[in-house]
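Presented as structure tokens, the chain that follows is alone, the form predicted on its own.
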Amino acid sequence: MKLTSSDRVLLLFTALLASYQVAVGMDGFSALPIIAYTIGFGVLLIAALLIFILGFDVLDSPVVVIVSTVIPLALSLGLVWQHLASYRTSYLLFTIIGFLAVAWTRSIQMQNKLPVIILAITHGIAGMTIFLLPIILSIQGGMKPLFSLVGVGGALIGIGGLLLSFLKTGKPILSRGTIMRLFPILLLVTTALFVAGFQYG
């Protein structure tokens, strides 16, 4: 499936938004959140540019499942480190173990359901953290109401990650064609929600 002109425009704006957040959107954060958010938005930037240059075929790469796990893990780690100080160490361990587990189960051939289970647990915990934590903080008054946009973006990126992951496992939730049509707009809206939430929340 080839990229359309509108796909390229959407991907270009996604890359510009992600690069803006990496370049100027991290002011006031401590060291680890800056590193985590930079990795998360950096992967979003690289993903958008690779698809823009190479087309949707790049999503067939065997490393896609592993790379798609980096974004929610990195962003959720930054959020936990900033707002849930008592869980910092345990969540840092979870992100490291979760990423290594996904990488390990995707780098060797397995005939059981372990890779899917590991993927679902890792994406599920990271995605729910990005989704719920900003919304709860906004409701409780700990952050401005617009910070909840980060949570909405978290829900969307979780959906996108799972769609790609299950497509790669051969058990797609939607057809490949449908996923490819949705992916550029999903990537742009997700990135825009993240940037808006961090900037105005």
Partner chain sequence: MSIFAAKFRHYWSLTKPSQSGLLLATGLAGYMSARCPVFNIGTILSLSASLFLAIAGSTVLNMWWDRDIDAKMVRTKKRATSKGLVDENEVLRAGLILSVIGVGWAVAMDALYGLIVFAGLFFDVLIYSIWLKRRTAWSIVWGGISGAMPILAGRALGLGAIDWIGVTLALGILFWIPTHTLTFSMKFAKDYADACVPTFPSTYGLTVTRATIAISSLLAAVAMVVAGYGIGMTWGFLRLLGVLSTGLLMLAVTITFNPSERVNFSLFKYASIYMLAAMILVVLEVV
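Values in this document were obtained by computation on a predicted structure and should not be read as measured data. Residue numbers count along the first chain shown, from 1.
One more form of this protein exists, namely the form predicted together with the partner chain; it is left out here, but the text below deals with it.
Student: Have a look at 70, 137, 50, 152 for me and say which one sits with a heavy atom within 4.5 Å of the partner chain in the model of the complex.
Tutor: Partner contact (heavy atom, 4.5 Å) among the options: 50.
Student: Among 146, 26, 164, 66, which has at least one heavy atom within 4.5 Å of the partner chain in the model of the complex?
Tutor: Of 146, 26, 164, 66, the residue with a heavy atom within 4.5 Å of the partner chain in the model of the complex is 26.
Student: Indicate whether residue 192 is a 4.5 Å heavy atom neighbour of the partner chain in the model of the complex.
Tutor: It does not: once the partner chain is placed as it appears in the model of the complex, residue 192 has no heavy atom within 4.5 Å of it.
Student: Is residue 159 one of the residues lying within 4.5 Å of the partner chain in the model of the complex, judged by heavy atom distances?
Tutor: Judged by the heavy-atom cut-off of 4.5 Å, residue 159 is well away from the partner chain in the model of the complex.
Student: Is residue 22 near the partner chain? Define near as a heavy atom within 4.5 Å, in the model of the complex.
Tutor: Judged by the heavy-atom cut-off of 4.5 Å, residue 22 is in contact with the partner chain in the model of the complex.
Student: Is residue 46 close enough to touch the partner chain in the model of the complex, meaning at least one heavy atom pair within 4.5 Å?
Tutor: Yes, residue 46 sits close enough to the partner chain in the model of the complex that at least one of its heavy atoms falls within 4.5 Å.
Student: So which bits of 31-45 sit within 4.5 Å of the partner chain in the model of the complex, heavy atoms only?
Tutor: The stretch 31-45, when checked against the partner chain in the model of the complex, contributes 34, 38, 42, 45 at the 4.5 Å heavy-atom cut-off.
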